[in-house]
Structure formats: structure tokens, C-alpha cells
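Next comes just one chain, in C-alpha cells: the form predicted on its own.
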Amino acid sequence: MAGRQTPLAAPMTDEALFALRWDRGLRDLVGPLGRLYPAAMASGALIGRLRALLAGHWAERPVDLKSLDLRRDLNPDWFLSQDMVAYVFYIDKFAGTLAKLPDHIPYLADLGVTYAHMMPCLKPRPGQSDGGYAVMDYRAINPALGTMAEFEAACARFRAAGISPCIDMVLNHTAKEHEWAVKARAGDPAYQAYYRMFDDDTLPRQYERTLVEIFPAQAPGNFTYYPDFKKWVWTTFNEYQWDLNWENPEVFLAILDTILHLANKGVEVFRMDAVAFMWKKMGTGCQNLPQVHDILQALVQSIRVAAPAVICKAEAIVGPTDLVPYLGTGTHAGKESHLAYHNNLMVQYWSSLAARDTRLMTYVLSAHFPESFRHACFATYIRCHDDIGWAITEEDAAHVPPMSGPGHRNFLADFYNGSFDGSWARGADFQSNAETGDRRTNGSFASLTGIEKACDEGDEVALSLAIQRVLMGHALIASFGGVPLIYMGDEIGLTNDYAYENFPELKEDGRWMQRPSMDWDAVGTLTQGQTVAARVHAGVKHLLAVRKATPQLASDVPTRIVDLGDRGLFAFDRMADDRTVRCVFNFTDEERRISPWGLRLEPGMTYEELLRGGPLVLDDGWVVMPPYGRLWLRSGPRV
């Protein structure tokens, strides 16, 4: 009627908003939980306890985080933006303590960082702790780094700067000193059921027939016998890391409770560690089993109800066939992990660099990976805190004759430990397996690409080439499709740190070689222009700025590998709705002169050279790519 106004709806209460999110999430929870815990779901007990758990954490969630929840509920694919850039660091090696960490946020913001992964910072067991991945208290911060109050304050400062804090959440195991393990060791049957424990070695011996050893040199076998309470315990990684029993719904609820507790402290991204190992089945390798994906979906969808601002990254360093499902396939599509490490991209970068041959890279990345995912993407990286496992299979190597899997893996290990004639690398073997002959490799980005060797020898020509290898790697991860991860110090060319050998608690783990402390003195030279740090940093910062200005590089834009028929070049298209960006990389130390036809450029189409700025320039009809050069060519209108 004229003059009457529709009454305004009353503001939605927190309880009503939670009810809507619960109803939305329930349909994606009942399937995986029903497959994992059929008895508990049939009785209705599990779903009731789950709802109460989520409601409790939502009620306790701080107001500013609830505001962030709403913004990301309205834009659930926020993390797929081309604006996303991740930085990975150890708090002590980067800033000293949590209290000092906020002082360095301007440095990260200036670089373009929007996601800060603080490496293991929860309270570890004393002594050896697998680099902090043997957690004895998930609700306390490592006292050497600071307090939970200081952690919350740092997260708030990150959030104010537009940077999402990320921490590690170890899902496969706890430290044997964890409260649950202590109670289990004391004989509490409820907590013994939290772990994989056996009264004798009959079943462990049967399981061992199909299991692999993760650390054959330092922790052979997958089970440990404890005479004091007469049990065999499943210990996949180290004796002091006890595998959880995810067949027990109490474990699911307890871990989820812990995740949401930390989310309410300000964590926005959880790196879900060792997820491939969570489910066990006799007669298998007990990795990447279907139930793992049900667990991850159930965790992610539960978190989405009580903390929608939070995303999860799966740490699954596995082969291509097993890797893709962690980003959601089949019934899990769009419902599982938001991010997963693209370890194959890393391996293929190093393989192509050493071989000066991209054929294997072109085949593997086109044959095994989809062009895009639903509500998910890869985390792309070249180096990290861990070793490099040379995941080159016989089947893939057969596509590049006369290459063989074992032969190429041995070549790469020799090349990057520096023993291969002509190698520029300074790395080291890790976890050599006498039975299989396989070796993994340690070394920092800068040392493996030749910066350390060139600096030691005072060779400016070699140094210039090494810096270009580093910048090509960063250009690759910034454009391939996904959130690029920059490991602390790679942006200034930090080399290996050999001082770890002087510390008894570190010297048995060669991975500390690639975990140097941040060189703030080198950062102080960034305005001087000619230092290694300044040259690398300027190049990386420019790459990231161009990425952020190029919407065609967003992570939801499909990536299609392009075979140029030139073994020295690797190329792909980022196929946006409006325009395409052709990315080309020269993996050789020689200048390449390629015709536009050779780059498969479309006749009559104009191209913008994004990294240099301006239109594509030809030299007497040729496209010239310097050693380790990179091109981002965005198509424009026809002429």
C-alpha cells in the first residue's frame, strides 16, 4: 500500500548465523564421517557432539575474527587472488622471538607478502624434536619463542597489515611426551586407544612387509617396543613421534577442538602436516588411503562452520597420482584442502635446470595434473625447509629416452651434491638408502643454483648466471598457478648454513643446512644495488609486483602446458576469460633466438611483455631470450 514501508529485518544473531553455517556444512560432513565412523554416526552421538563442539568455539570467537569470517564467507575464493604471496620462516631465525616479530612486518609487506607461515612454533618435546614436528603441547607456544599472548599479538599485527598467519598442525602423530601419550603410557585404556599400540609384534611384523622407511638412516623401521609398559607403538617417523589412531572418533574430535582453539587465537591458515600417513590398512603402504581424504574433508568442512576465515594446506609430498586428490577430486571436489604443495613442480624445475632439458617437465606437468581445481589451488615453491626427494618414476622417465628413473635420480643427486663434473651446486646427500640406491638432497636455493660457489670463487660471470637461475625459479612459481611460497632468505640469496654441525641436537639432521638465519645486515644493503642480496631482492620484488597487477595469473585461471618442441624451453598458458598469458622459460645457459612461430604465438595478435613492460620487441624478427630468461606475454588486440 502507498505510504507503507517493508519493515527492516532484525540483525542476525550469532546463534542464527551459526545455525545457517551448520546447515550448510552438514551435507558435506555426513558422508565422510559416515564412512569413517559408521557406528558413532548411526547412533547420532558423534554428530551431536560435533555440533556442540563447533558451537562452543564459535561462541568464543573474537569479534574481529567473526568480521573476517563474514568477509571471507562472501568471498570464499579470496586465497586464489593473484595478490597472494606467501613467506615461510622460522620465528627464531627470522626475528629472534615472537615479541620482536612485528618489527619485521614492514619488510614483508614491502616485498608483497600476504601470507606468513611461521614454521613449527607450538611447544615441542625437549631435545630432538624433528625440527619442531614432535609436539608435546598443541595449546602452548615453544617457550624459546615466547608466549601465547605474544603469539596472539603477532597474529593481530599480521592481520592489520593484510597478512594471514599460518602455522603447522601435525595430524599424524604427537610427541611421546604429549599429555595423551603420557596417560597412555601410564595404562589409561581410553588414551591408549588414541594411538596405534600392540601387545606383541605379530601385527607390526605383518604391517612392515608393505611399509617404507621414512628416515632409514636415523630411524629404521615403523614400530618401537617400550619395555616399561610392554607395548609396541607405531612410530612412522621417529621413536619419539607416536602415530595417532584416526579410526577412533575421539581423536577426530580432540584434534578438531585443538585446531579451533588455535584459530580463535588468530591462525588463518593451517599447514596440515604428514596427512598422507593418517590411516592404516594391512597390506598397503599406509599412505594416501581413501580415508585420509574423508578425514581432511570432515576437518575442513567442520572448520568452515566455526571459523570460515580459515583455510587448510595439505602437506603431502607424494607422486602426481596421489597428490592431485588432496585438492579435491570426485566426491571431495571443492571440499577438501584449499592448498597442497606442488612438489612435482619443484622437482621438475631442478631436474630441467641440471639436464638443460625440459622434456620430462613438459610431459609430467601436462600428463598428471588438471588445468585447474574447484575452490583450491597448489602452493608453488622451489625450495623449503625440507630435503628434495627425486620423485622421478620409471614410467615418466620412459617418455624421455634414453632416460631411466634410477639413472636420472642418481644424476640429480650427484649434480646437486656437487660431485658431477661441471656442476655449479653446493648441496649434500640426505637419507641415502643402501637397498634402493636412492638419495635425497639438501641445500638452500642460492647454494643449489650456484651463488655460493660463484661467490667463493669470485667469479662474476658465474654469479650473474646463478642469480638468473634464482629469478627464473621465482618467476616460475609466481606465474604457474597457485600461491607462490618464498622460503626465508631466498629473496636475498642466502646460502647454506654449515654451523648446524656444531650443535649436538642438530648435527644428525642435515636439513638444517638449508635453514640459515635471516641476514638483516644483507637486508641493509638492498638500496646499494650491486650486492647479491640487492640484485636478487630487486628481481623478486619486481616479479611479485607484476604478478599482483596481472589478474590473468590468479590461481583460479587454468594453466595449460604448451610443448614448444624445444628441449631448452618450458612454456604454459594462463587462460583467463579475457586474455591469455603465455609464460616461457629458458632452462639453458645459452641465449635462445626463437621465431614467433616457434613460440606458437598467434599470427596477427599483439603481445605485451609484462616483465619488461611494453609491447613484445623482436630483434630482426626473432624473440631473444637470454640465459635463464623468462617471458610473460599477454595477448592483446589483433592488428
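For every residue, the number given is its place in the sequence shown, counted from 1. This one's a predicted model, so the numbers in the text were calculated from it and none came from an experiment.
Not on display, but discussed next: the form predicted in complex with a small molecule.
Contact check for F223: every heavy atom lies farther than 4.5 Å from the small molecule in the predicted bound form.
Mapping the unseen interface onto this chain, F411 falls outside it, with no heavy atom inside 4.5 Å of the small molecule in the predicted bound form.
Using a 4.5 Å cutoff between non-hydrogen atoms, H385 counts as a contact of the small molecule in the predicted bound form. In the predicted bound form, A274 approaches the small molecule with a heavy atom inside 4.5 Å. Comparing 360 to 368, 237 to 245, 332 to 340, 257 to 265 against the small molecule in the predicted bound form, the single stretch with non-hydrogen atoms within 4.5 angstroms of it is 237 to 245. For the options F215, Y107, F420, F198, the one in contact with the small molecule in the predicted bound form, meaning a heavy atom within 4.5 Å, is F215. Exactly one listed residue, out of R72, R439, R511, H474, brings a non-hydrogen atom to within 4.5 Å of the small molecule in the predicted bound form: R511.
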